[in-house]
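Take a look at this single chain in structure tokens; it is the form predicted on its own.
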């Protein structure tokens, strides 16, 4: 039985605890309120059958924990990641953490020096929508990548496939919020098309909404553009548009495809049960790694997306393109 401490805002912790309860080999050993609260009940964990702690260090004090699960957003993971790694506890977090250069370097060094490790895939990797596109790319559906385009609004209430962005609403800095959202897309882009080696991003803020326009160059050729609008006070209509185009064709989906939870031959597919939806599959992957049957390939997996997001921050701050050196941590 894997004993897990879950860290985060109320709704996210509840969602993860519900899934752990459905696994035979996991138990929620404690819950901790995260730095980002979304106004959804905050750190009120009465519905979770586990002790509640004020801090992660308090939850880890009796040394009976096998893993820490940190529920987004990615720009607020720093302290919890360092606390877990300092005592050698493997940690899962989503999306790929979106920290600045200095904090990223410190976390990576801690992971290398301790018995802990970090698994930080976006739940998007485990969704049927993105998996369908990923499989089509692998089978040559578009040929060589030309341009991948992703546009989305955030945060918004429902449909359920994208509510993870709600938790980002508590972040005060527009750069933090936009980086936390971009981290999901960066992870999916690397998973699908390989490492990103160059980043150029512009961000702007206004009283109504913030906006980021990022251009990424893949190491093996091809480019991606990601546009994200972050609305501060008025939940926007959910909108996402994903388009992958190459020299042989184009693949895409939009909010209509997503909100119908996929349709096939005119009929809706069965909705996955919580333990087997994209979030459930992400947690299942963490538990499998904890069993030591399939350890992550490095102390931090995946490595590149979080590096790319650190480069996004630098590009936005200095208004310059940033090239990532191959092989750097």
Partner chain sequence: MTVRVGICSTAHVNAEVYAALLSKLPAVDLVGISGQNPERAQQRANAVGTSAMPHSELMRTADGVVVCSPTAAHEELIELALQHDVAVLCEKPLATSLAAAKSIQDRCEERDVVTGMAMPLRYSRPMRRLKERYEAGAVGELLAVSGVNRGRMPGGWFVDPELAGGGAIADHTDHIVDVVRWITGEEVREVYAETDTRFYDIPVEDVNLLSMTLSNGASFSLDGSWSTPQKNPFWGDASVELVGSETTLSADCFGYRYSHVRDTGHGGHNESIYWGADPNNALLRDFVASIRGESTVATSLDDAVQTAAVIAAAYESVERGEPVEVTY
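Each form is matched to the other, and the largest set of C-alpha atoms that superpose within 1.5 Å is called the rigid core. Positions refer to the first chain, counted from 1. What you are looking at is a predicted structure, and each value in this text was computed from that prediction instead of being measured.
This next part talks about the form predicted in complex with its partner chain, which is not shown.
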Original post:
its partner chain in the predicted complex: within 4.5 Å of a heavy atom of each of 145, 222 and 227?
Top reply: yes
**OP:** From the candidate stretches 76 to 84, 122 to 130, 235 to 243, 177 to 185, select the single one in contact with its partner chain in the predicted complex, where contact means a heavy atom within 4.5 Å.
**Re:** 235 to 243
**OP:** Tell me, yes or no, whether residue 217 is in contact with its partner chain in the predicted complex, where a contact means a heavy atom of each within 4.5 Å.
**Re:** yes
**OP:** Would you check, heavy atoms only and a 4.5 Å threshold, whether residue 24 touches its partner chain in the predicted complex?
**Re:** no
**OP:** Spell out, yes or no, whether the shortest heavy atom distance between residue 255 and its partner chain in the predicted complex is within 4.5 Å.
**Re:** no
**OP:** Would you check, heavy atoms only and a 4.5 Å threshold, whether residue 134 touches its partner chain in the predicted complex?
**Re:** no
Original post:
Which of 173, 205, 115, 109 has a heavy atom within 4.5 Å of its partner chain in the predicted complex?
Top reply: 205
Original post:
For residue 146, is the CA shift between this form and the one not shown at least 2 Å following rigid-core superposition?
Top reply: no
Original post:
By the 2 angstroms cut-off, has the C-alpha of residue 247 moved between this form and the one not shown once the rigid core is superposed?
Top reply: no
**OP:** Using a superposition on the rigid core, decide whether the Cα position of residue 236 changes by 2 angstroms or more between this form and the one not shown.
**Re:** yes
